[in-house]
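The form predicted on its own is given below as one chain in structure tokens.
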């Protein structure tokens, strides 16, 4: 399966909609998108993972790298996910303590840092 990416601005946040699989083959595409957004001055990102079917350790690494990049600019990276199989990965790895995870884009955009 391939990876689909699209971005839009909601208030002062940039929302990255991700669909498909984030794995060793597709994760570089997401990494490039996050790096480009940060380089263009978008430091408050919301990654909407509702359309993600699969996430592996490479994908997790890309998200952690994105978080480090925005934090270097005093920014934030919030995730939107309510799929149990994806949330389980974040719980098992302890990343629920690292990423704010929301159930909707609106909730993530409205959250204060």
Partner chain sequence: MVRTWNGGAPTAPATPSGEGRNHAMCATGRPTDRQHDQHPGWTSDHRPAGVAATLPRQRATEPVPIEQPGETVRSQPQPFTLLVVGDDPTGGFAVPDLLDAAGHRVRIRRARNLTEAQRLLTDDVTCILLDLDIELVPDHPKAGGLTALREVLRMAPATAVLALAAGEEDAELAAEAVRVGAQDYLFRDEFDASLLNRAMRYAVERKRADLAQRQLTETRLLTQENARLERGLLPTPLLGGADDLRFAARYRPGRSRALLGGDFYDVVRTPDGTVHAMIGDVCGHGPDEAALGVELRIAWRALTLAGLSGDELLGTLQEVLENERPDDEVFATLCTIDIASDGLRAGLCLAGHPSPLLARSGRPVELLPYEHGGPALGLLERAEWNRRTVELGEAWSLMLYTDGLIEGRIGEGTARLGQDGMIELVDRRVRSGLRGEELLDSTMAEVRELNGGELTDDVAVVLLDRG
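Numbering follows the first chain given and starts at 1. Just so you know, these numbers come straight off a predicted model, no measurement behind them.
Just so it is clear, the following notes concern the form predicted together with the partner chain, a form of the same protein that is not shown.
Not displayed here, the partner chain is kept clear of residue 41 by more than 4.5 Å at the level of heavy atoms in the predicted bound form. For the chain shown alone, residue 10 is not a contact residue for the partner chain in the predicted bound form, no non-hydrogen atom being within 4.5 angstroms.
Proximity of residue 57 to the partner chain in the predicted bound form: non-hydrogen atoms within 4.5 Å are present. Interface residue remark: residue 15 is not counted as part of the site for the partner chain in the predicted bound form, having no heavy atom within 4.5 Å. Along 77-101, residues 85, 88, 92, 93, 94, 95, 97, 98 each place a heavy atom within 4.5 Å of the partner chain in the predicted bound form.
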